[in-house]
Every structure is written in structure tokens, then in C-alpha cells.
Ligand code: OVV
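Given as C-alpha cells, the chain that follows is alone and in the form predicted alone.
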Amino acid sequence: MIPASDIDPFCTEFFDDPYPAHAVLRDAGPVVYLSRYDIHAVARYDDVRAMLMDWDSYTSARGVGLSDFAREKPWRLPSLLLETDPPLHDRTRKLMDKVLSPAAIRGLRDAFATAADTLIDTLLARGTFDAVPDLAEAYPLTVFPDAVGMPPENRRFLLPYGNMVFNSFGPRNSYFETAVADAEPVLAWVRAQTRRDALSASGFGAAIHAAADDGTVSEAEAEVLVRSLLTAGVDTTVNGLCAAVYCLARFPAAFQRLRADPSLARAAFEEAVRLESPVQTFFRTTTRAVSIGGETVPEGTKVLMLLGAANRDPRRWDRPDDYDIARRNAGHVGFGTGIHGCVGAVLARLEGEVVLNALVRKAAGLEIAGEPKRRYNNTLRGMASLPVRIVAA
């Protein structure tokens, strides 16, 4: 029998400290019925990963949020990457993997590293700063739109846009209503940025539109894919960078170990993504009656995958609540996995690596200098403010 729970994974108390509830849900069983929303949830690593890998049984095409696209009209245009399944998904994902190829990412490294050095030098001169607007937001909003080929004006619109999209994956609660209250100017700006004539002749946006010329995608699909890139390329990085700074400030031994070996910067970023899980949840919908841990879940059931709970599951991880930059953390689901894994992860990883590398090369210490404040979102775990102090090496 599937256990039931009245835990609300979309309320302020849960967002403030989700870990006790994660443990309750993991210990309750492989699948739990959440009575508040008439949905099921999985919180154990093995079950979350199995769902992510089985797109045929757990479809994304009916929406990766609480809303079921088979039963209600989507509030927003569905993503051609996150919310499609093969064969359509194969065509669009193949294009995006080509645009964001290893060679393309390598081509960005020097410019991204230079921008990271410049930013860290500026912050070192100040000594004390807010790591959210001054680092975690400032850095991606500098380098990522340049890589896409966007103009410099109004780039900060990318932040409320991402907040809006990720809130829409949850219920229509106060967080969602607040996020969409002033949606129209943001949506109009984003729509304008996806058009070919708004983008430079070089960059990821132009490469996506070039695929419309050879018939790989339509012009309309190219605009939707640019929009998907704008969603995937900012929020995961902003919250991932914030998580990394937060972890390094709370674990001074890890900061000093990274100082001693800056080549661990990529691993330090990955471990922060595992521990803090900037993307906490996503949904799937069952395409048939499925068995989860020996329990039958009917066709057409919305199932919430608690990625953050999976990433701290003691069944999978030794000392799951520790920040260990030498941990073998391959397999964490902070960026998802399988065919719907985050398309922006390659950019997030590059940005995280070069920023942390610059930080530990130039700073002797890092500490929290004020009360951190959470930013509440139905899907994302991040901060609105993180005052920190750094000392030059």
C-alpha cells in the first residue's frame, strides 16, 4: 500500500528547510501519495534516477510541472526540449547539443575566465559584497548573453523571466501569482530577443536560427529554442554559483583545500550543485500503470521527483549532508539526467569552474558577513541575499 502524506513541498516552511521533510518522504517508502495536491512523489535516489531515464513510461510531453497538458491548456508555450519526447525531442536536442558542442564551449573558456578574473578583482577591492546580485547574478548576465549574441540592454529581464517559468512548474500559489504579476513586459522582451534580427551574426542564437535555413527546424521552432536556452542558461548557473559560494563560506576547510588545488574548481561546483540542488523538483506523468518499489501507480498520474532529496539520500551518498569537494559525485541529479538533462549544464559547469578558480587564486578567505535570505520559488532553491567578506591573497 502506498503511504500518504500531507507534506506541502510548495510552502514557505518547506522552502526554508526541506531536509527533514525529504528524510520523512524517503523513509516512508519508494513512492508517497501527497494528499494536498493529489499527486505521487519519489524522493529516493534510485527511484528518481530510474524515472529520469525512462521517458517512455514517464512522459515529459504532458508537462514537467503540476499542470497536465493533456487535461488543461498550458499557461505558457511548452518547451521543445523539456516538454517533448522522442521523436520530436531527438531532433531539437540533437541541434542544441551541436550548438553547445564541446568545441563551442572550449571556445568560450578564455573569455569566460578573463571575465571571472575581472569580476573577482572588483569584488576583492570592495572586501564585503552581496554574493547574489554582485557575483551569482552579475557574472552569468555578463558572459551568457554575449555567448548567445544578445544586445546589452535589459539583460536583467532574464532573472524575472526565469523566476516566472520555474514558478509555473508548481501550483498556482502566491509565489506563482507574484512572479507573473508583471509578466507582459518581460515576456514581450524575451519574445523580441528570440528573433533572428535581434541577435548578432555570431553566437548560439545565430547558430540555432541557421538550422531553420536548412530545414532542421522551422523559424518558429528556432525562436522557441532560443527562448529555452535563455531559460536553461541563466537560472541553473545563478543558483549554482550562489550555492557554491554559500558552501565555501560555510566550510572553510573546503575553501583552503580548493586554494591549495584550484584544479578542483569544477568538482567544488558539482558538489555544491549536489548538496544544495538549485533545481529541487520536476514532474513526470505516467503513460501506463507502472511499478515503483513494488507499488502500482496508475496511468495518467503526476509524479513529483524530489531531486534535492535524491541528492542527499544516504542510500546513495556517504555523509550526504557534508560538502566534500573531493567526493566522487558523478551521478548526482542536480542537472537531471537522461535525454531531458539540462541543456544549459555545460555552460553552468564552465562558468562555475572559472569563477571558483578565480576566487581561490585571488582570495585568502571567505566568510558570511550577514544574514542570508532565501528566494522562494516553486522549483528553484536559491537566495535573494548572501552578504560575504573576502580577503585578498
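What you see is a predicted model; the values in this text were computed from it and never measured. Just count from 1 along the sequence shown to find any residue number.
The form predicted in complex with 3-methylbenzoic acid is left out here; the points below concern that form.
- Only one listed stretch (150 to 158, 77 to 85, 301 to 309, 134 to 142) carries heavy atoms within 4.5 Å of 3-methylbenzoic acid in the model of the complex, and that stretch is 77 to 85.
- This chain appears without its partner; in the model of the complex, the one residue of Phe255, Trp317, Phe169, Phe204 with a heavy atom within 4.5 Å of 3-methylbenzoic acid is Phe169.
- None of Ser228, Gln280, Thr237, Gln193 but one reaches within 4.5 angstroms of 3-methylbenzoic acid in the model of the complex through a heavy atom, and that residue is Ser228.
- The closest heavy atom approach of Val245 to 3-methylbenzoic acid in the model of the complex falls outside 4.5 Å.
- In the model of the complex, 3-methylbenzoic acid lies within 4.5 Å of some heavy atom of Ala232.
- Taking the partner from the other structure, 3-methylbenzoic acid in the model of the complex has a heavy atom within 4.5 Å of a heavy atom of Val165.
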